[in-house]
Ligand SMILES: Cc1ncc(COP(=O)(O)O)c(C=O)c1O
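Below you'll find only one chain, the form predicted alone, shown as structure tokens.
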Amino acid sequence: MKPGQFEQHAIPANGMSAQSISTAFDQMSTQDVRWRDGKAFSLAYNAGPDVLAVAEEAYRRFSGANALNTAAFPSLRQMQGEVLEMAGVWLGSTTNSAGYFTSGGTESILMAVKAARDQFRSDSSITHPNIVLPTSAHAAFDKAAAYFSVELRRVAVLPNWRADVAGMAAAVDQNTIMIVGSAPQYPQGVIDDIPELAALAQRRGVNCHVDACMGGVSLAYLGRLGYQIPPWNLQVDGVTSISVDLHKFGYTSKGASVIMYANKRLRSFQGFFTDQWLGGIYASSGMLGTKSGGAIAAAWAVMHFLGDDGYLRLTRSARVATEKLAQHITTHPHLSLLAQPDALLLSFVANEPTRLNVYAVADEMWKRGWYIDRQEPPQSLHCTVNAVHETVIDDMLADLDSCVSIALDTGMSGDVGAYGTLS
């Protein structure tokens, strides 16, 4: 090796066999969380091996198909359209509604912000737009603001962790283009007052986006299961756009989300078009150009495989596990819920942080194979509960109690985790 060079992984001189590659995958993944066994309370969603098999086969069959141009792949155009229609039922769409399939909640949020910026630039010549949102709204709005030069005005939430509508109203001015609410918000799992936020948006003549990436599927079915779910979707007057992730509680493969607008004109500001290229006309609906058809096919396949009754069953299972976890923490001598869960998310803290470091509890849980998100402020642990957890929740609670005892005895300091990394 020459001076100054660094050792790096080089492409093999000769190709590896398929078996060797499979063996390498097995070796590399030995330390990964066993999400298929229900050990992950974040990042992965599992409705069972039969659903996973359907999703993975559909993704495999269409992984090489390019959804950039569905004229060449009319199968993807058909599947995408039908996925949007099915998701639209959950989101309260009307005959005027129109949406797009995106790669995830972050892209859906980015596109909602981009569309609002361009809409108000066209309609009112606003050149320094701002968005008013609670501190609980997803970090993807910060990414959108950085990408599209939009000012964010984050307003502190109420003591119950919900959006402070009055505080947000005070932050609105002549350059505001959007008001944001969540159903539910991620950190504490509660639903913002969407009707009041939408009414505020209507009074001020601005857009109202509902981030239902976490709840767009589960809330639709929890309401049908008899739970008291406040109004949250496009049926609320004043809501102009809403997002839902199908790769979360829709249990489809990663890379599947939907953004739905109240009407086609609002959607028209999302896309990109140019004819200033020697290659001809270029147009795309979102951030991506080339994109695999695998996620579209997997979404279509899983939604048809599960059907309405399947989603009712899975939502019921996830809610049973959520309630069991919430009840356990409510009665725990050393832990407390930050809020009773409105859907399938919850977070909890130590009653006495000087005696118990909840991050140390997470460290101990990880030693037993359980992955739990860490949050702050305040220092808390967050659980996203899905259908697979009903079968393992008793084991998880037993380990949680044991890990709390260990953390109390050892006085360990835990490491701060992150929702995402740049690596």
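Quantities reported herein were computed from a predicted structural model and do not represent experimental measurements. Residue numbers here begin at 1 and follow the sequence given.
One more form of this protein, predicted in complex with this ligand, exists but is not displayed; see below.
(request) Look at the stretches 333-341, 102-110, 188-196, 163-171 and give the one with heavy atoms within 4.5 Å of this ligand in the model of the complex. (result) Contact criterion met by 102-110 only.
(message) Considering non-hydrogen atoms and a 4.5 Å limit, which listed residue (117, 291, 248, 319) is close to this ligand in the model of the complex?
(response) Of the listed residues, the single hit is 248.
(message) Within 4.5 Å, heavy atoms only: does residue 213 come near this ligand in the model of the complex?
(response) Contact with this ligand, yes.
(request) Scan 344-379 and note down the residues that get a heavy atom within 4.5 Å of this ligand in the model of the complex; none is a fine answer too. (result) Result: empty, none.
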